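Encoded as structure tokens, the following chain is the form predicted alone, with no partner shown.
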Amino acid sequence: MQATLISEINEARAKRRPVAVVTGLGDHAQRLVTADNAGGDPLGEAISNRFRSGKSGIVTDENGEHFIQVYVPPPRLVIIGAVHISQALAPMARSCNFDVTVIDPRTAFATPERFAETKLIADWPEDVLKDAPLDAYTALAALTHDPKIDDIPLKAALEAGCFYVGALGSRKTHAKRAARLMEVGITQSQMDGIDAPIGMDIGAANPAEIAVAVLARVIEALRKAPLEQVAAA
């Protein structure tokens, strides 16, 4: 592989942006394709599908066989709120290969005993996100039901183009949330991207079942996200 390609790949990975290297198996010619220019590539559909799946492989077109090597950031799930739902959601998400972080400034909830093996940060989300900004390969689930804790990371997630943004609360609660966020610059179109009430409607009746519903939505959003969404960041 050419040194320039390696340099571009490393730069993209450092910025958590997906890229692919397409190699012709007949002539061994190589090209680098980013998420934002894949639509104009002859193999754009195949590349976009592999950006979603995260899997490399061989494809064939009228010009022969090509190997598509994809480099995608590991998907992250940022959970706002060290609540009972989070206790069930975090290990399930880790088992699905998500890099999970739980953020909650309330030290009575954010304890290592309640979140063994999960990255836990007992601090205000706005302070945490200064050093670990959200991006298009990050999902955010706001679960505290407290606007002082949830609103700022929700705004940050919408502005960053996170592939999934969900928030706990009833439709009435969400309407109030929408009014607050729109007062600080969030558009109606962005608000429509919030999954609220959070999770698939499976009739969940307890924290573990709600966690299943939330994770299902997160996986659906990751695997079925349009290409322009993963290009944003």
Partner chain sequence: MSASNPSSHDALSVAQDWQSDGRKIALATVVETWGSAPRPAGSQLVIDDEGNFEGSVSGGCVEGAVVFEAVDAIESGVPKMLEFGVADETAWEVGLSCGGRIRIYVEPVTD
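So that the term is clear: the rigid core is the largest set of C-alpha atoms that superpose within 1.5 Å between two forms. Numbering follows the first chain given and starts at 1. Quantities reported herein were computed from a predicted structural model and do not represent experimental measurements.
The form predicted in complex with its partner chain exists for this protein as well; it is not shown, and the discussion that follows is about that form.
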request  = Select from the listed residues 53, 170, 30, 34 the one whose heavy atoms reach within 4.5 Å of its partner chain in the predicted complex.
outcome  = 30
note = Partner contact check in the predicted complex: of 191-199, 66-74, 162-170, 204-212, the stretch with a heavy atom within 4.5 Å of its partner chain is 66-74
ask   = Using 4.5 Å between non-hydrogen atoms, is residue 9 touching its partner chain in the predicted complex?
value = yes
query = Any chance residue 216 has a heavy atom within 4.5 Å of its partner chain in the predicted complex?
reply = no
task = Using the partner position in the predicted complex, report whether residue 15 sits within 4.5 Å of its partner chain, counting heavy atoms only.
result = no
query = Is the gap between residue 182 and its partner chain in the predicted complex 4.5 Å or less for some heavy atom pair?
reply = no
query = Is there a C-alpha shift of 2 Å or more at residue 66 between the shown form and the other one once the rigid core is superposed?
reply = yes
message = Please state whether residue 215 has a C-alpha shift of 2 Å or more between the shown form and the other one, with the rigid core used for the fit.
response = no
